[in-house]
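Same chain, two forms, each on its own as structure tokens: structure 1, then structure 2.
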Structure 1
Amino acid sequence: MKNIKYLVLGVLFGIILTKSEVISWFRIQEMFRFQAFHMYGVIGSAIVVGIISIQLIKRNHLKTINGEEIKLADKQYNHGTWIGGFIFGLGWALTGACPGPLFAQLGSGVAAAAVMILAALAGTWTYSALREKLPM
């Protein structure tokens, strides 16, 4: 029962995704065809909120719920980043679904989302199995 708050937050997040139409296959296709600003506005807003949040965390030395300081380490660039991003974007364009909204799509009655969830899990498992063999 102590984790019920996470379930409630997840349900609220799903409602927000649904009401803002970011789980809509039509909206995602509009974005990839450069026909509407809707999704770019949502993604751009998320980037701005993320940048501000990270700066607040770094400047104010914020702590976790357990009292530990949040440390954000710099990441080194590698070619796998753009290759993985390309594969991710291709899957997103083909299915009309990003991994985040998949569960909201399933919850709103889009049965095909179950297949996409299984494919996302298979892709994650494949990456974990091949990670040590991939070039940096």
Structure 2
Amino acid sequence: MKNIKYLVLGVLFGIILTKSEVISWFRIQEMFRFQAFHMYGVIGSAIVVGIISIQLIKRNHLKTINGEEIKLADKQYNHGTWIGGFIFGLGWALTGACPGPLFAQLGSGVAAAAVMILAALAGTWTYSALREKLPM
């Protein structure tokens, strides 16, 4: 039952992604062609609000609702950060979706999303299998 709160937050997150149309292939094309501010506004304002929120949490030493210390792990750099990022970028421009939107699309009734999620799982699995042979 302790996972229900994540389900509820996920529903809200999915509604926001859907209502702001960031799950649309057309919007992603518009973004990569620099023909509208919409996507940049969404991502940019999300980051600004996120930065302010995390600063407030850190400076006030806020705790979780269960009274735990809030921990933020540092992201570790390796060459995969940019190689993998570049590969994802190619996929992002083709599918017009990152992983979150793929699940929202599936829920909205886009059949192609099922194919793309299966393909993404195959991609993740293949990466996992090849991991030790890839430049890091």
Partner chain sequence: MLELLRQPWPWYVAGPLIGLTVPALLLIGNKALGISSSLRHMCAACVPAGIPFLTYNWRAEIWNLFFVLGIGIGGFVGYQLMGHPDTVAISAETVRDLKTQMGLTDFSGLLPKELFALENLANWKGWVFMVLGGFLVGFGTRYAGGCTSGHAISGLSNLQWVSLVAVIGFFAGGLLLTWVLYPLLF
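From a predicted model like this one, the values you see are computed outputs, not experimental measurements. So that the term is clear: the rigid core is the largest set of C-alpha atoms that superpose within 1.5 Å between two forms. Start at 1 and count along the sequence of structure 1; that gives the residue numbers used here.
Note that the form predicted alone is the one shown as structure 1, not structure 2. Of the two rigid parts that account for the shift between structures 1 and 2, the one holding M31 holds L94 as well. Treated as two rigid bodies, the chain shows a rotation of the smaller part against the larger of 9° between structures 1 and 2, based on C-alpha superposition. Look at E68: with the core superposed, its C-alpha moves 5.2 Å between structures 1 and 2.
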